[in-house]
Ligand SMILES: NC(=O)c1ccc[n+]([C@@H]2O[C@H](COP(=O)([O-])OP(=O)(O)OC[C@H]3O[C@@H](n4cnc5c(N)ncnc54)[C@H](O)[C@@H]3O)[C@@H](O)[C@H]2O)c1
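We begin with a single chain expressed as structure tokens, specifically the form predicted on its own.
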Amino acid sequence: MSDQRLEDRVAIVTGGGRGLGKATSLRFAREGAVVVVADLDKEPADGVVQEIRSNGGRASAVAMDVTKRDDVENVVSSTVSEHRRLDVMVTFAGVALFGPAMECTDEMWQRHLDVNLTGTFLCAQIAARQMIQQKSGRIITVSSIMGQRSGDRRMAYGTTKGAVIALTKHMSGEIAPHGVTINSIAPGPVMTKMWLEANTDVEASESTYLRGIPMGRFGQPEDVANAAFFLASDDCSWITGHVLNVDGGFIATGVRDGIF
């Protein structure tokens, strides 16, 4: 019996060429999944596929713009055509453009809506249609702790991530009778390239976050990949509409004075 717990499952990972998506693509491949690494920029996706294949895994890279329905439909249909099914869809593709609420432009607002919310909607809906036909499947959306609480300079980002949580919950009841689950990962601060680029003062942001994380460290991409693996696995067969915070305890705790 294989100890690869996603053996022969077929997974699409959007934003799979970098950061959290890359870590999840690598983890899925190690667990035996066939991984379709989808990214707006195909070059980093190709690099992830090369790494997977060099370690004996199975993967392919595709260019995909999650804001375009035709792109998403083409990737799902080509995946099903080649592999006969789609077992897991993970929606890491996203943008984070931080700035004061009073300075948020229409363009910045719309970009967050298009990628973070509409992109998630398209991937979830199109994947769900295929999974309903199969009577099985796992959809994993990616929200954020900023979709559950406020944060300075994060209005547009947090609003769309909060909407992703609502989307996840609303869709869960309709697809559950068909054997399809949808859950959301809400990462805390993970020092990816996107996080570093979004913060104008990385040092100040880092120290502020660390004061509020009881576990005393930033997350690693692998922490989020581990959560994605759990939600994709058979261990998650009776969990849907759930938001899994991967944040070192940041959301759960409030004022901490250090006096015990």
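Note that residue numbering follows the sequence shown and begins at 1. Just so we're clear, the structure is a prediction, and the values are computed from it rather than from any experiment.
The form predicted together with the named molecule exists for this protein as well; it is not shown, and the discussion that follows is about that form.
I'd like to know if E43 sits close to the named molecule in the predicted bound form, meaning any non-hydrogen atom pair within 4.5 angstroms.
Because no heavy atom of E43 falls inside 4.5 Å of the named molecule in the predicted bound form, the answer is no.
Heavy atom to heavy atom, is V115 within 4.5 Å of the named molecule in the predicted bound form?
Looking in the predicted bound form, residue contacts with the named molecule include V115, since a heavy atom lies within 4.5 Å.
Under a 4.5 Å heavy atom criterion, is G137 part of the interface with the named molecule in the predicted bound form?
Output for G137 is no: heavy atoms all beyond 4.5 Å of the named molecule.
Does A11 reach the named molecule in the predicted bound form if we count a contact as any heavy atom within 4.5 Å?
No, A11 sits far enough from the named molecule in the predicted bound form that none of its heavy atoms falls within 4.5 Å.
Can you pick out, from I165, V190, L97, M155, the residue that has a heavy atom within 4.5 Å of the named molecule in the predicted bound form?
Answer to the contact question: V190.
Work out which of I175, A93, M131, V75 lies within 4.5 Å of the named molecule in the predicted bound form, going by heavy atoms.
By the 4.5 Å heavy-atom cutoff, the listed residue in contact is A93.
Name the stretch, out of 229-237, 200-208, 51-59, 32-40, where some heavy atom lies within 4.5 Å of the named molecule in the predicted bound form.
Of the options, only 32-40 has residues within 4.5 Å of the partner.
Hey, with the named molecule in the predicted bound form, do S150, R217 and G248 all fall inside the 4.5 Å heavy atom range?
Checking in the predicted bound form: none of S150, R217 and G248 is within 4.5 Å of the named molecule.
For the stretch 142-160, return the residues whose heavy atoms include at least one within 4.5 Å of the named molecule in the predicted bound form, in the order they occur.
The stretch 142-160, when checked against the named molecule in the predicted bound form, contributes V142, S143, S144, Y157 at the 4.5 Å heavy-atom cut-off.
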